[in-house]
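Taking the form predicted alone, here's one chain by itself in C-alpha cells.
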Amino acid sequence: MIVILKTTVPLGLVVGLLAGLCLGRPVLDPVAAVRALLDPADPAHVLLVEGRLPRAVLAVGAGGALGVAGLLLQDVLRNPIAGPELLGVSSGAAVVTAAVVVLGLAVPVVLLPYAALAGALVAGALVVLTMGRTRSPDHVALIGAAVSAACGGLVVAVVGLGTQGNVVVLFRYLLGSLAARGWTHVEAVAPWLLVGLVAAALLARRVETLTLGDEVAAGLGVAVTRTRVLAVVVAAVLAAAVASVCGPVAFVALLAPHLARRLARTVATRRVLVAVVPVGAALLLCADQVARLVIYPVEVPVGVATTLVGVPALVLALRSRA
C-alpha cells in the first residue's frame, strides 16, 4: 500500500496536469501543449493560459488546502471522520451564493467569490465563538453540525424562491464544481490559502501534542483550548476559501489525511502535513479530470466524482486502520 501511494501521488499530479492541459476540444499532445504555453503567438495559447491552466492550478491549490483542513480537524478533535463540513463553512458559502443566484442580487461576477468567502467565514466564526472555552472535541463537532444544519435550512428556503434556470446553476455549485474557473478565482483565494497553509505549519507541533490527549498536552505546556480554537480557525479559513469558488467539494478533506498518514508511515501531524498537500492536490486534480471528461462534452460536477471515489476509499482506509 505504501509503495503504491508513493508511486500514485506524483503520477496522479503529472497525469492530472497533462490531462487538464491536453484533453478537451481541441485535443493537444503534451509537446504541443507545452509549446502553446510558451508561445503567445500559438493559436492554442489563449485557450491554455486563460482556460485550462487556471482551472488546474485552482484544483491543485484547493485540493491541498482541503487536505490540510481535514488533517487539522481530525487531529485536534481526535475524530477520524472530521472534516470542514463540521464547521459549517461550506454551508455558509452556499447561503450567500444561493441568495445571489436565486434572488438575483446585484453582485458582480468578479465579486461573487469574495461574497461567498464572507458567508463562509461568518459561519466558521459562529462555530468558533460558540465554542467558547469548551475543552471537549465532541462539543465542537456538535456546534459545527448545528451551524451547518441551520445554514442548510436557509439554502433550502432560498431555493424555494427560485426559478428552474437559476436553481440549476445553484445546484451545480452545491455539488462542487471547477467549471468556468479562471485566474480571477485563483487570485481571490490564493492569499487566504497561503496564509492558512503557513499558519497550519506553525501550529503543527502543538496540534501533534493534542493528539496525545488534553491532559498530556497541558502537562507539556500546550494551551489546549487556545490551540484547538486556532486550529479550527485555520481549517475554517482554508475550507471557506475553497468553498467560496469551488463549492462544497466532498470527501477530499476526509480522505486525504488518511492516505497521507499511510504515505508518511506515521500519525505525527508535522510529517503528515508535508504529505497531505500533494495527496489532496492529486485527489482533486484527478477527480476534476474525470468529472470533465467522463461524459464529454457534458461535464459532471467534481463533487460527484470525489464522492464516488471517496466513499469506498474512505471505508477501506478506516477498516484497515481498525
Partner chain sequence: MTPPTTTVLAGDGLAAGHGRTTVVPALDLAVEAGTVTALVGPNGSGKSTLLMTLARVLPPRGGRVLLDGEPITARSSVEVARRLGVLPQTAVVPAGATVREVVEQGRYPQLGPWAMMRRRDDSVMERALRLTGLLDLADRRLDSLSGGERQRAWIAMTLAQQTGILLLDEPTTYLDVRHQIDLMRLVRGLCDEHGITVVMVLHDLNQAARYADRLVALRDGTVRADGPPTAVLTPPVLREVFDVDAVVVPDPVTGRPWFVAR
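Fair warning: this is a prediction, and the values are worked out from it, not measured in the lab. Numbering follows the first chain given and starts at 1.
Beyond the structure shown, there is the form predicted together with the partner chain, which is absent from this document and is the topic of what follows.
Using 4.5 Å between non-hydrogen atoms, is residue 27 touching the partner chain in the predicted bound form?
It does not: once the partner chain is placed as it appears in the predicted bound form, residue 27 has no heavy atom within 4.5 Å of it.
When the contact criterion is heavy atoms within 4.5 Å, does residue 229 count as touching the partner chain in the predicted bound form?
Result no; residue 229 lies far from the partner chain in the predicted bound form.
Answer with yes or no whether residue 225 is in contact with the partner chain in the predicted bound form, where contact means some heavy atom within 4.5 Å.
Although the partner chain is absent here, residue 225 would stay clear of it in the predicted bound form, with no heavy atoms inside 4.5 Å.
Can you tell me if residue 118 lies within 4.5 angstroms of the partner chain in the predicted bound form, counting non-hydrogen atoms only?
No, residue 118 is distant from the partner.
Residues in which of 283 to 291, 31 to 39, 270 to 278, 56 to 64 have heavy atoms within 4.5 Å of the partner chain in the predicted bound form?
Contact-bearing stretch, as computed: 270 to 278.
Please pick, from 182, 104, 213, 108, the one residue with any non-hydrogen atom lying within 4.5 angstroms of the partner chain in the predicted bound form.
So the residue touching the partner chain in the predicted bound form, by this definition, is 213.
Interface residues of 183 to 208 toward the partner chain, as seen in the predicted bound form [heavy atoms, 4.5 Å]:
Contacting residues: 201, 202, 204, 205, 206, 208.
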